[in-house]
Each structure stands twice: as structure tokens, then as C-alpha cells.
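So this one's two forms of a single chain, laid out as C-alpha cells and tagged structure 1 and structure 2.
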Structure 1
């Protein structure tokens, strides 16, 4: 059977079968094709970042937070890391025992020795001796709600050069907006989230704006783009942050002002303004 044109050269069909992206007879169904396109598109953003790390030093330490079934980690390893012999390593962080166990078993079956899967909370991962003191790249693909913020906190604590985020299902800010709505309605801007559907949509948008400002307030250059077309996924925002040691005061002040304007400083200041 000829190779499927949607599968990148060098990609192991056995891995894709193990991830249930390919069927046992080597075919892609429509849902799997869509999922693979999303991960490949993200890979095309991450690959030049990995190359940049290698130009600075051998041995990439990449940490994938909220790894889930580790689709991203396994595909990154298969396409990029398995050709390296310099101490490069991928760490998948996940709190669900069964997913950690399955990922460990799969890495062993495939012969991917430079992959570790750790059942840790974010707080535990920051201080765990199973992870390096500093890391190069932190990723979080569709890490739900505050798990994306947890990944940012980890990245800041570990001095990550690059942070790559695809946020998902963010509800915390929307909940805080609903809680403070009564007080906020004196502000005309509160009309932006008066109605429940607007609260949800505006809260999701504001969440990512706050995340970008938080990263900028720690010296990162931030870019935001769409990951794939809206026809593939509504969880579509890609945030890529590169540490440049940029001035921090202006974004930190803007972050505090925005929280104050939206009436969220008391509710969320501890999360977005806290030191890593």
C-alpha cells in the first residue's frame, strides 16, 4: 500500500497504530486525519525552536505538561528526538495513573529510551528531582482550564527558553467574571460579559490575553496565532513565548490594570501576578 501523503516522511507507522491514529491495516479515518494534521501543524512550529536550542547547546530538555495520552510527545520524539544522541529528553507530566502507565509501556515497546512519564502535580514537578533544574521547552497541548496556567508557572520556575501553549476549556476567568458581575455592571465595559454566552466567550479570550501579559511581564516575547483552521477545531489559539529578557515593567503594569478594570484583581491576582 502506498504511503499516505498526510503522514510525514520518517514517521513510524507502528507508532501511529499504537496511538490509534492509523488502523491496523495502515489507514487513516477522518477523525484521525484531523487529529494528525493538528499535531503535525504544531510540530512545524516547534521544530525550529528545537533547532535553535541545539545551536545553543547539545541536549534538549522538553517538558510536556498535561500530557494526556502523549500524542505530541511521542510524535516529537519519533520525528526529531530519536535521531539525537546528545542527552536530549522528553518528560511527559500527567496526574492520571493509567495514562502515565500506558505511556511508559508504549515508550518501552517502541524503544524510545529518552522519554520519561511522571505522575506529578505542577507543584510537585517544580521541585521534583526527576526533572532537570532548568528546561529548554515547555509545551501544553489542549491542557484544560487552569492546566495551561500551571504549565506557565512551571516554565517560569524552570527558566524555559520557549513555551508553546494551545489552551483549552478555560473556565476560571469566566467564573470569576460571573462572581463579580453585580459589582462590575457599573462599568460600561461589563456589557461585554453581561449575557452568559458572552461571559463564556469573553472569559476565554481574556484568559489568553492575561497569559500573554503574564509571560511578557517575565521577559518573554509572545506571538499568538491560530493553530489550524476553525473547521478542524474550536480550540484554535496557539501561544508561543520566547525568553528574550525584555523589559517587564510596562506589561506588568498593564496586566495589573486589566485585572483591576475587569474587577478580577482580588479573584485572580494571585494566579497571574504571583512570582514563579
Structure 2
């Protein structure tokens, strides 16, 4: 059977079958075609970053937080890492034991030795000796709630060159806005989050704005786009941060001012202003 034009060259049909993207007889149905297109869409953002790391040194260390079934890690490995014999490695961080076990078994079956799956929370992974002291690329795709924030802390602590985030919902900022609403209403800006549905939506928006400023305040250049084609999820904001050692003072001041204006410095200063 000729190769399906929607499957990238070099992609192993065995992996796609294991991930239930290809049927056992090697076909793509409508649903899996869409899923594959979405993962490839993200791959197209990440592949140039991997190339850039390789131009600097051999041996990429990539850590994927909140890995789930590790679709992203497996596709990245199959398309890019499989052909490298330079110590490059993908680490998947996941709290759910059964998902970690399944991913380990799948990597063993496929013969993907440079993949490790660790049953750790993102916060635990920052201090775990099972991970290298420095990493090149950090990804977190729909890592729940504050796991994305912990992934940022991880990236800062490990000196990551690239951070690729597609945040999930985060409830912490909305909760802080709710808590301080009474005091904040003296400020007409607080109308932006007076009503409960606005508190949630505005909280979610502010969360990602704070995350971007936090990364900028540590010398990163940040781009925010939409992960188009990710139709199955409402959460499709893609944040890509590249460490460029940019001036930190202005974004750090902006971050502090914004927290102050929103009345959140006391509640959230620890998360967004602290050194990693």
C-alpha cells in the first residue's frame, strides 16, 4: 500500500499503531488523521528548536512534563531522536503510575532506548537526581493547573534554552482574584473580573501573561501564538520561550507592577517573582 501523504517520512507505522493512530491494518480514520495533524503541527514548532540545540552541542536533553500517554515524546523520538547516536534523551514526567508503566513498556517494545519515564510530579522533578543538572528543551502540553508553572520553574532551574508550553486551565490566579475582589473593587479595573465567569476567564488570561513576563524577567524572548488545528481543545495558546540573556529589569518591574495593580502581589508574588 503506498504511504499515506498525511504521515511524515520516517514515521514508524508500528509506533502509530501502538498509539492507536493507525488501525491494525495500517489505515488512518478521520479522527486519527486529525489527531496526527495536530501532533505534527506542534512538531513543526519544535523541530527547528532541536536543530538549533544540535548546532550548539551534540546530545539534546528534552523533558516533557505532564506527559500523559507521551504521544508528543514518542512522535518526537521517532521523527528526530531515533536517528541520533549522540547521547540525546527524552524524559517524560508524569504522576500517574499506570501511564508511566505503559510508556516504559511501549518504549521497550519499540526499541527506543533513549527515552525515560519517571513517576514524579513536576515539582519533584526539579530536585530529582534522575534528571540531568541542565536540560535543553522543556515541553508541557496541557499539564494540569499549576504543573505548567512548575515546568517553568524547572526550566529556569535547569537553564533550558527553549520552553514550549500549551497551558491547561489554571485555577490559582482566579482563586486569588476572587479572594481579593472585595478590596480590589475600589479600582475600576476590577470590573474586568467582577463577575464569576469573568474572574475565571480573566484569571486564565492573566496567568499566561504573568508566565510570559516571568520568563522574560529571566532573560527569555517569548512568543505567543495559537496552536491552530488543535480543535479538540479550548486551550490552544502556544508559548515558546527562547533563552537569549535579554535585559531582565524592565520585564521584572512590569511583572511586579502588574501583580500590584491587580492586588495579587501578596498572594502570588511567591510564585511569579521568586528566584527559581
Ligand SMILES: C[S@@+](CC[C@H](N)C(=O)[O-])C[C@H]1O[C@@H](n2cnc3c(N)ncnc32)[C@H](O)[C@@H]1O
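Residue numbers count along the first chain shown, from 1. These figures come from a predicted structure and were not determined experimentally. Take the two forms, superpose them, and find the largest set of C-alpha atoms that agree within 1.5 Å; that set is the rigid core.
Trainee: The form predicted alone: is that structure 1, or is it structure 2?
Mentor: Comparing the pair, one sees that structure 1 is the form predicted alone and the remaining one is not.
Trainee: So, does residue 124 move by 2 Å or more at the CA between the two structures, with the core held fixed?
Mentor: The answer is yes, as the C-alpha of residue 124 shifts between the two structures by 2 Å or more after core alignment.
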